[in-house]
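A lone chain, given as structure tokens: the form predicted on its own.
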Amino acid sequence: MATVELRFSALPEHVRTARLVAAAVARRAGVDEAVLDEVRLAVGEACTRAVGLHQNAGITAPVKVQLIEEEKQFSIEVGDEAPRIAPGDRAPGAAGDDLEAEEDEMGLAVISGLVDDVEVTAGENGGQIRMTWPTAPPSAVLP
């Protein structure tokens, strides 16, 4: 199992770099060439979401992206450190109100539309989106 880890400041201009790195590593891992655009788009959406969560919460920690090559699959994990608060626990009019929640749901819907295997976890210490794609057998991958 090979893993590439990328950390970047929560700034929108770094999302493009994360997309490019993810596509390059996915290609090397054996993800089908026809799916690479989906990989780029999904990673871009997940990273943009993480950047927004960090900026809205005033978090200065970097966004973390792990690119994991496993047998027969390639996974990308995008992690943030923005704490999640249950909707009933929010004060009325507090940061993270309805508009922010709708944008978050929209981003997750886009990712789910692009990737068949998506796992989203969130808690008081942050969240993570794990996206997984199948890979071709090593003999089918060109050097």
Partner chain sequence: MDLSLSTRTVGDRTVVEVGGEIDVYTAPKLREQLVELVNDGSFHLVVDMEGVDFLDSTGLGVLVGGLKRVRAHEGSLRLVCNQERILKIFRITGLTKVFPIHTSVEEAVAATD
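This structure is a prediction, so every number in the text was calculated from the model and none was measured. Positions refer to the first chain, counted from 1.
What follows is about the form predicted together with its partner chain, which we do not show.
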**Of 118, 110, 68, 59, the one that lies within 4.5 Å of its partner chain in the predicted bound form (heavy atoms)** = 110
**Request:** Could you spot which one of 40, 64, 27, 84 gets a heavy atom to within 4.5 Å of its partner chain in the predicted bound form?
**Result:** 40
**Prompt:** Do residue 15 and its partner chain share at least one heavy atom pair within 4.5 Å in the predicted bound form?
**Reply:** yes
**Asked** Does the 4.5 Å heavy atom contact test between residue 75 and its partner chain in the predicted bound form come out positive?
**Response** no
**Prompt:** Does each of 54, 80 and 122 have at least one heavy atom within 4.5 Å of its partner chain in the predicted bound form?
**Reply:** no
**Item:** Contact set, 118-135 vs its partner chain in the predicted bound form - heavy atom within 4.5 angstroms
**Value:** none
